[in-house]
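Quick setup: one chain, the form predicted on its own, written in structure tokens, and binding and motion questions come after.
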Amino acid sequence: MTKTFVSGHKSPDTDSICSALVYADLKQQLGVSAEAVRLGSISKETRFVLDHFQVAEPRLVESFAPEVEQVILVDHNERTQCADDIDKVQIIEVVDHHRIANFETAAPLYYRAEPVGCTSTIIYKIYQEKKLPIPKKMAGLMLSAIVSDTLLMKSPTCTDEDKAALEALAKIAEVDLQDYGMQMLKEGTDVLDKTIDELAANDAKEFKMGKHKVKIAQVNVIDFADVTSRQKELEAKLQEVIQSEQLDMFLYVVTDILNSNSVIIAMGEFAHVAETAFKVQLENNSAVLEGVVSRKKQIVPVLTDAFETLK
């Protein structure tokens, strides 16, 4: 039987890793030879989740084509966020909760995209639709992904479907949602021992906005100073990435998960577009965005609109 990779995006977050693992389990129950793989390092938050539920991390790969002919994408659809050789394999499925951007395939495929807070919420629904049993460990992974993406239901991306999935999955996983969720999120905010390279790459995604190439990274903290105290060093690294990847802007987002605010650091030739998009004034390349926590709902659409209106 031909093997199929199930892969999340580059610089994987908890949803990207957990969705790959869980969807591979679901496909295996349906008789598909599926293997979850990853395209980057495991974060502290994700490591906490995998250790808690005693699940092995997906295998790290740099490319698809040497091993498989078919792949399933979860938690992303933009080719810039996928393996570099994605054009050499066939995408047979996509399960995602983000915008659809510059996506096309040569053959028909199963495409499932829903406006919910987390990819794992969609996968939970597919388990139900297929009447498949949800193993306790897989329930724990899905629950953790939803907690991560919705900041324990504080994010504006959180829907009633996410909340219903969390309630059901907490029972299967046998965890106290609030206690476990807060412990998990706090684990992910520990960034003090990260190198500048690791900090700059944290959950970094590349987007095409109009004619412009933009990278947005996001890190969760409980104290802005954990990152802003290293701003000069971080800016130097962001500038290095801008030059090496020919970016028009690198937007770095530092999110306070307790107070639901963010600080942005905007770098690059088109950094000023952030001022227009968010109606702020950058001081030392930085500004506070009150009530902004979601890259998917509160940052990417607003910034995309601002770039597309440039003359």
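Each residue number is its position in the shown sequence, starting from 1. Keep in mind that this is a model prediction, so the values were computed, not measured.
The protein also exists as the form predicted in complex with a further copy of the same chain; that form is not presented, and the subsequent description refers to it.
Highlighted residues 106, 113 and 301: every one comes within 4.5 Å of a further copy of the same chain in the model of the complex, counting any heavy atom.
For residue 236, no non-hydrogen atom is located within 4.5 Å of a further copy of the same chain in the model of the complex, even though that partner is not displayed. Residue contact with a further copy of the same chain in the model of the complex: residue 97 places a heavy atom within 4.5 Å of it.
Contact annotation for residue 101: at least one heavy atom lies within 4.5 Å of a further copy of the same chain in the model of the complex. Contact annotation for residue 129: at least one heavy atom lies within 4.5 Å of a further copy of the same chain in the model of the complex. Residues with any non-hydrogen atom within 4.5 angstroms of a further copy of the same chain in the model of the complex fall in just one of 228-236, 113-121, 197-205, 213-221: 113-121.
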